[in-house]
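So here's one chain in two forms, each on its own in structure tokens, numbered structure 1 and structure 2.
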Structure 1
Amino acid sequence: MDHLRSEKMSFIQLIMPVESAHRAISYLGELGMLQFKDLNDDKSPFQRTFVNQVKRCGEMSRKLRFFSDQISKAGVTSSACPAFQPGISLEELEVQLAEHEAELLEMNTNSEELRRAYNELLEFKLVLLKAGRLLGSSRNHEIPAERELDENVYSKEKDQESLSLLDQETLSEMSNKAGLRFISGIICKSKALIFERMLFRTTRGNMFFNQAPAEEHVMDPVSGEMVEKIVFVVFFSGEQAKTKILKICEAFGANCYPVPEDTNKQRQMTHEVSSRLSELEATLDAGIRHRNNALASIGSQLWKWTIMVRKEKAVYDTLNMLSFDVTKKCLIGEGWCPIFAKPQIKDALQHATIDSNSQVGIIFHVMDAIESPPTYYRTNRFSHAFQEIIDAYGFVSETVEKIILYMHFCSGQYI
């Protein structure tokens, strides 16, 4: 029944010189057979020795998260690391990451300006398309609602109607007279109902609100998603009503665009706006392509970098657990390891000493311990899954073997 119990553990102490400490810990980490005891328990996180390095690792992992965020937002798929890349050191990686981040941020700010201009023009075009129709329909359509408006205004309008065929310019003068005026704009569909209600209340019902859904989806600058918008036209009279309506538009984030009443002029403006839009689109596309290239090149190495940074952070966290013996210029660490792994650990330590060109070897000796050791189960590929299930419910102490027995029995593993 021996294989159902934990491995026999021994408590060891390591004394390592500073220059080989980092390498030794990373080799031990690859081995995964040692659990260190935290000798600096009483110190706060920023009083530890290697706090700066941990901070740097934290910064780097933040940059890596930022990159992966940007990549997923842009929808760029990158191939896994293509060619064999020589290993780079942490400092070089830091410099590279900083460069990439600065580049990416710059590209983002540049394209944001362009994108905002593009959105405005797009919205203007949508407003022109729909508002023309709304204006026309509101003019000719004899709805009772319009009759409730000021009588003078309506009759004046009717006179203007007959004149309009003869004289186009008088139409533009309409806005100067205290007659029926309008404001046209575009607003998110979700806010349309409250917007209309608010306009109704502010003007005490003396307005007419007409709306139509916009044909294309517009990108919301804040969230970066495509939202549905509707084009609206508000008819009102009076100067005070105008200021109130403009303030409400601003409060709801509705963008107002001036639409000329004349259909010819509308067509002209639509034409102009379309040409400017296509220019902007070309520029934007070029910018996006450039950025996606940069992201793709980052993306192919992202996974490798993430692993590297996490390893380094883990190494420095472990180094923080060792106590620094300043007088002897070495680090002392204590921990638990299974007995069968001792030769492997000694091997790893020796490699570390050789690789770091250190004069002094790392001292490794067994100590007696009072407290009970942690448990370690040697698992193969098959039993690993069952061990994971057991671990999910909590780590069992060495004496509680019944649960393990039960699990193994249920899993059908031979006893």
Structure 2
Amino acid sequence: MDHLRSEKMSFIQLIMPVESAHRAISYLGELGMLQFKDLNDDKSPFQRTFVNQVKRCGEMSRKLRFFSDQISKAGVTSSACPAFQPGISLEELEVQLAEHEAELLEMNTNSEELRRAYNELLEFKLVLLKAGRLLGSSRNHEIPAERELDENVYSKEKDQESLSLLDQETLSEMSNKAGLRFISGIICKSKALIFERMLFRTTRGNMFFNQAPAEEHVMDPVSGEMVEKIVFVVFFSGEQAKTKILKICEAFGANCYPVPEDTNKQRQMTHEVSSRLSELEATLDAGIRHRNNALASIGSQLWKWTIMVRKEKAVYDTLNMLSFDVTKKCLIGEGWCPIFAKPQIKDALQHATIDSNSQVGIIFHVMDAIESPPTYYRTNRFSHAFQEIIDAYGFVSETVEKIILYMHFCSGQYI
């Protein structure tokens, strides 16, 4: 019948010196047999005694979540430490977490800048390879295959479908004689059609638009995803048209890059951009390896640090429930405990006094209470899970309570 009834509870009062209060609460929390009563329910969380310590623990928890997110994004496997072994103090841990966060933020910033420069150079290379065909003169008939531009040319006339290679070269000659100018760049494929229509309407058809697929996906700096882009070349005439086209390119997120008309200069510039891309790629790989090593080192201690911070925050949250006596420099706490746990609580308080080198012991006093005591059921390996459900939800219906009590009874009889 013991499984059908709650244990007999006792209302106690603890008077703890300030120097041993933290250790005493820590030991009592590991014991788990005492439920404290909030003696500061009339105060807001910001008016309590240990609000600064709680804020520090919350800030350290934020840094630990940041480390966990970075490890998950990088895909670094970290070895969790199941056993809690305190090796450093809370102040030392706070300094270490601040150093690790500053180091990771700096590495992330440098990596983003390098990635942005790499993407710009990659786009520049693609523009040089694809847009060079349209800008060559009629004398350069032999052009490498990788720089060939697709012949899908869009013009202002609806019935015109495409231009041949000879027509493109003729266009280049005519542009040099007529003083036509051009703007070359790259844009997302999903925006290409609307982009072309906007250019046509803004210039009233006084432009020539050509495009070709980039054949390589480029990372979007905003979303971080690989997107498909196209290379475009816009021929126009006049400074006013240039201003309008540049504004439209900026509005659509199109990146414009200068491409020389001379084929030799194009090849030389492409070679320089390719060598610079190789250097940036090697630098990015080295930075990623260094960052992964730092995240792996943090991940090996992450579980240990998380447990330590959670424990410290729980201790200070409990200390904020106690009444602080300024004159006597002690903390007064009240709470409920099972009667059978009194010897264990007294032993924990005595160990806390000894370990904290306090000259004054902790006073354990049993008091009379008017309000009804909370319930506490002893559980075994079978009924523990059902009791956890009740503790998690905080309430249980009458039918479910009868089922749980019956399971308590069955577990005590057959297990």
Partner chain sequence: MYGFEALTFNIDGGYLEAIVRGYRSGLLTAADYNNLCQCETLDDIKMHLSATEYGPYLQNEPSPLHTTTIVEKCTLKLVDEYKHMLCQATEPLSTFLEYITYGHMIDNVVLIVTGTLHERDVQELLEKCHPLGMFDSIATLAVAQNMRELYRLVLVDTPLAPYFSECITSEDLDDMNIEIMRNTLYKAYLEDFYKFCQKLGGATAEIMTDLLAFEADRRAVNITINSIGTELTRDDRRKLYSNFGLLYPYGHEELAACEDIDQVRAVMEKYPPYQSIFVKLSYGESQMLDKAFYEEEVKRLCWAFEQQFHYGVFFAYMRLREQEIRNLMWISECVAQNQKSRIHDSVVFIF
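Every residue number counts along structure 1's sequence, beginning with 1. Whichever C-alpha set is largest while still superposing within 1.5 Å between the two forms counts as the rigid core. Just so it is clear, the structure is predicted and the values come from calculations on it, not from any experiment.
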| The form predicted on its own: 1 or 2? | 2
| message | How large is the turn of the smaller rigid part against the larger between the two structures? Whole degrees is fine. | response | 16
| field | residue 388: CA movement between the two structures [superposed on rigid core, Å] | value | 2.6
| remark: residue 262: Cα shift between the two structures after core superposition, Å, came to 9.4
